[in-house]
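What follows is a single chain, given as structure tokens, in the form predicted on its own.
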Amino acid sequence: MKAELIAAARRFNRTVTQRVGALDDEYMARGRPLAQARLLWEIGPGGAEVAVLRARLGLDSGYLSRLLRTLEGDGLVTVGPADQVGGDARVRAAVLTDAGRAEWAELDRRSDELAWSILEPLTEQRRERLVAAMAEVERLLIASMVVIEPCPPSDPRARACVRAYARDIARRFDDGFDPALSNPVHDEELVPPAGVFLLATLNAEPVGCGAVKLHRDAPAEIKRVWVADSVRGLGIGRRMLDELERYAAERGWAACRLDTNGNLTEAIAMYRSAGYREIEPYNTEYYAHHWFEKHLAP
């Protein structure tokens, strides 16, 4: 990566942290640093499970526990069984006290004031430019937060993604989707050395998947590439495709194949832009209208 890009990202981070008050020891003059204020905000009037807070904020368990103890000591939060917020009693949840709800409302008001102070010095045109730029930066930052890594196909998160994939294609295919009519993909085909299942997560929540089967004496085969609606348009599908290709290439495969349905126009466009060329059918997949192949760089 170019050094200028690294320098620009660091410069941006310095400007933002200074402008939003992240460097202040008392964020928004409320007597606590930003981390505590943000945690209080995320708990919110409805409360939240501790595990959800940990995943959403990307905090390790020890640090989150210390933050919660501080907020408890200030009389703003109570931590107990999640059934108090409609959850499982075996799970811990954080709930705002009356004082916590009042503090949350004050943070909300002051957050509006901070946003106003950022926009107010600018002309109307520059305000619109800044807000549009913020939206783009937010989308790109979210994209950079997505993690793609191997996952056992039997993992509950993998199962959930495959079910979502099936629901998605059933909605988009002309005649729906019946797994009994489709060529099966068995778990044992998606674990090393036979292949791999990759899971994409955002804040520990599954948002996409893909798999590659490493056939003996034949090109690798890409299967079940799916991305959740919440992260569509962020390039996650292309990243997943790249990771699957890389996995196959690193293990000596010189080409990848895949089949797809004609109604999946965005996927077809992605495959073509990624260098796949259409070939003759190489299988008898009931729902396939197009078959593609790509030669991989060593």
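In this text, residue numbers run from 1 along the sequence as written. On a predicted model such as this, the values are computed, not experimentally measured, just so you know. So that the term is clear: the rigid core is the largest set of C-alpha atoms that superpose within 1.5 Å between two forms.
Keep in mind the form predicted together with a further copy of the same chain is missing from the figure; the text below concerns it.
K.L.:
Work out which of 99, 170, 145, 218 lies within 4.5 Å of a further copy of the same chain in the predicted bound form, going by heavy atoms.
P.N.:
The residue from 99, 170, 145, 218 that makes the contact is 145.
K.L.:
Which of 234, 67, 256, 40 has a heavy atom within 4.5 Å of a further copy of the same chain in the predicted bound form?
P.N.:
By the 4.5 Å heavy-atom cutoff, the listed residue in contact is 234.
K.L.:
Kindly confirm or deny that 178, 181 and 289 each have some heavy atom within 4.5 angstroms of a further copy of the same chain in the predicted bound form.
P.N.:
No.
K.L.:
The chain here is shown without a further copy of the same chain. Which stretch in 149-157, 183-191, 207-215, 107-115 comes within 4.5 angstroms of it in the predicted bound form, by heavy atom distance?
P.N.:
The contacting stretch is 107-115.
K.L.:
Please check if residue 83 has a heavy atom lying within 4.5 Å of any heavy atom of a further copy of the same chain in the predicted bound form.
P.N.:
No, residue 83 sits far enough from a further copy of the same chain in the predicted bound form that none of its heavy atoms falls within 4.5 Å.
K.L.:
Are any of the heavy atoms in residue 239 no more than 4.5 Å from a heavy atom of a further copy of the same chain in the predicted bound form?
P.N.:
Yes, contact at 4.5 Å.
K.L.:
Though only this chain appears here, would residue 297 touch a further copy of the same chain in the predicted bound form if you measure heavy atom gaps against 4.5 Å?
P.N.:
Residue 297 lies outside the contact set for a further copy of the same chain.
K.L.:
Is there a heavy atom of residue 131 no more than 4.5 Å from a heavy atom of a further copy of the same chain in the predicted bound form?
P.N.:
It does: once a further copy of the same chain is placed as it appears in the predicted bound form, residue 131 has a heavy atom within 4.5 Å of it.
K.L.:
Listed by sequence position, which residues of 1-17 have a non-hydrogen atom within 4.5 angstroms of a further copy of the same chain in the predicted bound form?
P.N.:
Contacts from 1-17: 1, 2, 5, 6, 8, 9, 10, 11, 12, 13, 14, 15, 16, 17.
K.L.:
Classify residue 22 as shifted (yes) or not shifted (no) between this form and the one not shown, where shifted means its C-alpha moves by 2 Å or more with the rigid core superposed.
P.N.:
Where the cores coincide, residue 22 still shows a C-alpha shift between this form and the one not shown that is 2 Å or more.
K.L.:
By the 2 angstroms cut-off, has the C-alpha of residue 186 moved between this form and the one not shown once the rigid core is superposed?
P.N.:
Not so; residue 186 is displaced by less than 2 Å.
K.L.:
Taking the rigid core as the reference frame, tell me whether residue 262 has a CA displacement of 2 angstroms or more between this form and the one not shown.
P.N.:
No, shifts by less than 2 Å.
K.L.:
Looking in the predicted bound form, are the Cα atoms of residue 145 and residue 21 closer together or farther apart than here, the change being 3 Å or more?
P.N.:
Note: Cα gap between residue 145 and residue 21 shrinks in the predicted bound form.
K.L.:
Residue 37 to residue 143, Cα distance in the predicted bound form relative to here: closer or farther, by 3 Å or more?
P.N.:
Relative to the shown form, the pair is farther apart.
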